[in-house]
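Only one chain comes next, encoded as structure tokens, the form predicted on its own.
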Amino acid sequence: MSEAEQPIDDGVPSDQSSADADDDEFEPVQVFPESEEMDLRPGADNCYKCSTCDTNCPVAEVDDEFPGPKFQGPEQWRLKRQDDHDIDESVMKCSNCMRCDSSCPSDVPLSQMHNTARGEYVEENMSKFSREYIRNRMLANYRRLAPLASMFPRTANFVMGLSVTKWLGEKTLGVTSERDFPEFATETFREWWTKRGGAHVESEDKRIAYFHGCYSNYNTPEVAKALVRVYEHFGYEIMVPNQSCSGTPMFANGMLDDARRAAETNVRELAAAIEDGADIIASCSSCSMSIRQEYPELFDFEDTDTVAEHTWDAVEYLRVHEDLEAELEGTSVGDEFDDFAYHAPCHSRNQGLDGQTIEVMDAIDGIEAHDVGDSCSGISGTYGWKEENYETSMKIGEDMFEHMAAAEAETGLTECPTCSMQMEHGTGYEIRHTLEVLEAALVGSSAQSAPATEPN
């Protein structure tokens, strides 16, 4: 058994490891090493004459008090370098959708600057005993809390569903009471994987390491199971390495020390899988985005770039390495699915993947995926779970809700867990993942009537 396939406890890292890691001071990679006098790359003067990022920012569009990504990035860095200004507190209003990166015509790494600024603001200006810090730390470290709830999932779901629990969460921590907490699965994906006996296909030539992330493990294991069955259909050996949270919610909340510890674990384990001949596959668009872009932007420990270069979105990988559309020709999903209202997550768009799901769904007989436009869903991970951001997040999502209502479909489709939450919250639709549709088309009913050697 390879190092990358060693079994792990579904719980949290050891106290000793955490304590040792806490001593490490976060040192972000220099944003623009070419420029010493100002933290801006040569030629970025164009940034001062341009406001494209601001016009593409979903928060700035609905919140007149938010100064926008241009201020949060280049202008704030310029002020700090020249006048030793503190980081402005408005940086915490950035949702980390990262749409500014893809919209910038000068390729200024805005989200990298935002992440670094948020981390500095939290470290230097936010009281560690404040309600905001405690709330944000809890939201950012979902991976620490989820194992506890998954030990008693039915009890946790009942308690978290009580109106008094939501009320207390809002009054004591500032977590909005307007949303329903996601339910925990009665069996995690990793528990299912162990019970199943691991991989059912062995191959030296076709091997992947699955980065399932937190949500597919604890809340939607059906998505992770779908990935396993789809990839085994194509003859891939699947490894499920030890892993921590991708760090996405930590970046968004300025918890960069936490993100560094998580990233260091992930890079170490995923690099070992690459050594064993695997590519890294993620079913969550934010997880793949984090490993591909944010890790190499913010961290420089060994193998970071190698892991980023070998990380793929699950559907993207099959389109590049297999003839996915040809394999889907003539397939159908029977009565299991009807047409979909599809939302491409911001983090998929930032990876250039916004059109792939529509094209893939077109190859399946009897269903159609309707693109509901390029707007942001508004929830942006933990952003829309904060009481002070809830109304803003719903205003951002209005365009998506309207397009979903206008589409000839009553089921939503997306690859982002929190976008899924927002889509369901705003429309009442059932929301599915693209991999579940691929499983139905390629594997069909055999997945639901699995042999005794494979639990459902």
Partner chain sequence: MAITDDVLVIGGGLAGATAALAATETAPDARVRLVTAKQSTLRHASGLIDVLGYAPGSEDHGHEQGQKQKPIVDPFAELDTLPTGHPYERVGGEAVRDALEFFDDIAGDAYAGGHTDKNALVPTHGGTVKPTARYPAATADGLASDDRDALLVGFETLPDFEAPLAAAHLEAAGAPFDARGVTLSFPGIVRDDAKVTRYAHLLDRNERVASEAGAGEIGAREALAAAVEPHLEDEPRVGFPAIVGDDRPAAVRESLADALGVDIFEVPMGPPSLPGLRLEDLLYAALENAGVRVTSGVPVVDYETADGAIDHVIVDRNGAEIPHEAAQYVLATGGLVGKGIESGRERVSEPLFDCHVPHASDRYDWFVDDVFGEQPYARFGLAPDRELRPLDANDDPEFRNLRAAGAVLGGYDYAAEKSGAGVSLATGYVAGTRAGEESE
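This is a predicted model, so every value here is computed, not measured. Positions refer to the first chain, counted from 1.
The same protein also exists as the form predicted in complex with the partner chain; that form is not shown, yet it is the one meant from here on.
Looking at the partner chain in the model of the complex, residues Ala60, Glu309 and Gln351 each place a heavy atom within 4.5 Å of it. The partner chain in the model of the complex comes within 4.5 Å of a heavy atom belonging to Arg319. Proximity of Ser106 to the partner chain in the model of the complex: non-hydrogen atoms within 4.5 Å are present. Although the partner is absent here, Pro417 is not a contact residue: none of its heavy atoms lies within 4.5 angstroms of the partner chain in the model of the complex. Though the partner is left out of this view, Asp362 does reach within 4.5 Å of the partner chain in the model of the complex, counting heavy atoms only. A heavy atom within 4.5 Å of the partner chain in the model of the complex is found for exactly one of Ser332, Thr265, Asn157, Ser102: Ser102. The partner is absent here, but in the model of the complex a heavy atom of Glu402, alone among Glu410, Glu424, Glu387, Glu402, sits within 4.5 Å of the partner chain. Considering the partner chain in the model of the complex, the lone stretch of 285-293, 235-243, 187-195, 126-134 in range is 285-293 [heavy atom distance within 4.5 Å]. With contact defined as any non-hydrogen atom lying within 4.5 angstroms of the partner chain in the model of the complex, the stretch 244-274 contains no contacting residue.
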